[in-house]
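Each of the two blocks below gives one form of the same protein chain as structure tokens; they are labelled structure 1 and structure 2.
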Structure 1
Amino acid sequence: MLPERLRRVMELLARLPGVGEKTAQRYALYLAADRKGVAAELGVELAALGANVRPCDRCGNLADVIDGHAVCGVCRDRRREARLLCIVHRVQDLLAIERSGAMRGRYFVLGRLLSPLDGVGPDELPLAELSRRVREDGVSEVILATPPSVDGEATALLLARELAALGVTISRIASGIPHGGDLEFADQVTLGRAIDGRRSIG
């Protein structure tokens, strides 16, 4: 009953996380009936997204591409404590911790977690890049803020073992985040307490 192109837009929207079939239909119908130019403006921005936004060259956070380089706002902020480095799984986790206001250091986004069942071993993690970042920035403390899940804990233990040889203090975010939960959905108070109450590993 709907035009083919509109159905295609609905199918694409339904692939987005948290967007079900009914929500996708509501979005697509709104955009099709839009008379304020939102659909056209959204189309232009989406078309330019891949070329103008990419992972930060230093930490993996998302950043604008300027003159062929991508350095995010956190890495550019000279008020940040360069000797304090927080390691997270995803950009969503970085943003969640930033909302807590408890982290004044910088970040390193892994992009994936150690997960033998999914074929992700130590060689698939950016351990060499992380070690180089710790040395170059003179990092004195590393906060392991991987999720409190089986894969997150295994990754934290691996990172603690790899970084121990660099002579840095290694801490793990404290309890408060439910086991198996995602940092992205934790409230600001819980995340703030988790950062403030981090504990040493090893």
Structure 2
Amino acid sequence: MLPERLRRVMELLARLPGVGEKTAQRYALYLAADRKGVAAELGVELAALGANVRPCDRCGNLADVIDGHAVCGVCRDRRREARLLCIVHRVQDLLAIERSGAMRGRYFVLGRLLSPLDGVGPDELPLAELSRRVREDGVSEVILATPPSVDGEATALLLARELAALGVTISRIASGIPHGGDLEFADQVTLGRAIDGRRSIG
């Protein structure tokens, strides 16, 4: 029913995270009918993306490729504390922490979490790269900012054990009731963590 080219665009759009056949069709029809040149510009940008943007050679954040090297904005920023390293699962998490403005150090993006059910064991994590980074940069404090999920907690425990031998201070981000959240509707685990992680304010 639809032109072959448009069907191929739909197939490719359906690879995006959370996009099914219907949504891909909606996007493709919009792009084909749009007369403002969105499809053409997006096409040029995407075709050039691979050669121009890739994970940062140091931390895994996304970075511009310059002379074959990719070093991201955070790693280039000299005002950042190189001795403070925050370990996150994904680039999205790094961006969320950056938006909070609460992190003055640098990052290390794991790319994946321990997940025995999905066959991701310790060997699949970039532990060697992480140790090298900690040693080379003289990191003295590591913040484990993997999510407070089963996989995230398991990963944090593994990293804490791996990094213990390097003599760095290791901390884990707090888990508890979110800002503006309601105790009444919090789940038991979250509430338990909020109590366990209480801080003295007196």
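Numbering for residues begins at 1 and runs along the sequence of structure 1. Between two forms, the rigid core is the largest collection of C-alphas that superpose within 1.5 Å. Values in this document were obtained by computation on a predicted structure and should not be read as measured data.
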Between 1 and 2, where do we have the form predicted on its own?
-> 1
With both forms fit on the core, has residue 38 moved 2 Å or more by CA between structure 1 and structure 2?
-> yes
Aligning on the rigid core, one finds that residue 189 shifts at its CA between structure 1 and structure 2, in Å, by 21.0
Backbone CA shift between structure 1 and structure 2, residue 13, after core fitting (angstrom) | 3.4
